[in-house]
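First, one chain by itself: the form predicted alone, in structure tokens.
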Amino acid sequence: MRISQIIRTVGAQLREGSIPSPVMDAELLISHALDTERFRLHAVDDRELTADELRRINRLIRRRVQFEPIAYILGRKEFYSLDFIVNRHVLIPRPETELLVDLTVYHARQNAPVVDIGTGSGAIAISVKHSRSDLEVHATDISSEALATARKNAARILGRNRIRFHRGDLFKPLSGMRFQVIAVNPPYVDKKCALWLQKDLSFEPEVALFSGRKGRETIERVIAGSGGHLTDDGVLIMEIGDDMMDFIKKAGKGKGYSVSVLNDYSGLPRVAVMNR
């Protein structure tokens, strides 16, 4: 089978399996199996594939038709124009979270201490440090596997020892430490919604997706615990669900914050900026 034929065949398989973007996914999986860049599938001669190449392609296709996210199959995901290692221990970085990075970079003073709570792959912390090398960036996560992934990403993208990683739940590993900016992308999906979500999400770590009390439990814990870790001019910047604007304003006001909510690039309420 030739390259042009396998692209059509795999695209049809994915379409029949109700996979979104079947042609793009087919090209990404085939280029990954062939260890080449996607554009080269069309730029090089339309050659015959070897039996071993076809086996590698088919192994990847079997994973995708089971709704395993393309990012996990490829082992990487672009975020903030950087290439991150991802695996099933970490949440896949989403484009809407780039707004959280933008706001952190904007609000941080020169040489300020900044922390990313629940860093996962390290996407937020690393993107912030990459944009603002002057900042003293810390990152926490409850998962040792997630921290191992974040450390690998930090070493690849920034070099070693550019970010200080801490293992523990939310603020527990940060005793006595204060930050001018606290950035958080907490789990905020209602556990009761798990059965109705996209099948791809079943592969991602539940601890990074779901939270109790209609998705609000972790957010409430972050707001309650953040005050003791902010400087006097500190800012808490947090991603929220698009139905949480009224809740976050009320919850923040109850803890002495003034709260503004910014829309993401799709026009949905996405990031709360909370000033003391």
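The structure presented is a predicted model; accordingly, all values stated were derived computationally and were not measured. In this text, residue numbers run from 1 along the sequence as written.
If you look for the form predicted in complex with a small molecule, you will not find it shown, but the lines that follow are about it.
Asks: With the distance limit set at 4.5 angstroms and only heavy atoms considered, check whether E136, T140 and I182 all reach the small molecule in the predicted complex.
Replies: Heavy-atom distance to the small molecule in the predicted complex: none of the three under 4.5 Å.
Asks: Based on heavy atom distances of 4.5 Å or less, which listed stretch (30-38, 205-213, 65-73, 223-231) is in contact with the small molecule in the predicted complex?
Replies: Correct option: 205-213.
Asks: Only one of M177, L201, A148, A155 gets a heavy atom within 4.5 Å of the small molecule in the predicted complex. Which one?
Replies: Selected residue: L201.
Asks: Among the candidate residues F165, Y80, Y188, F171, which is the single one with a non-hydrogen atom no more than 4.5 Å from the small molecule in the predicted complex?
Replies: For this set of options, the contacting one is Y188.
Asks: Answer yes if any heavy atom of E98 is within 4.5 Å of a heavy atom of the small molecule in the predicted complex; otherwise answer no.
Replies: Because no heavy atom of E98 falls inside 4.5 Å of the small molecule in the predicted complex, the answer is no.
Asks: Does the small molecule come within 4.5 Å of any heavy atom of L91 in the predicted complex?
Replies: L91: yes, in contact with the small molecule in the predicted complex.
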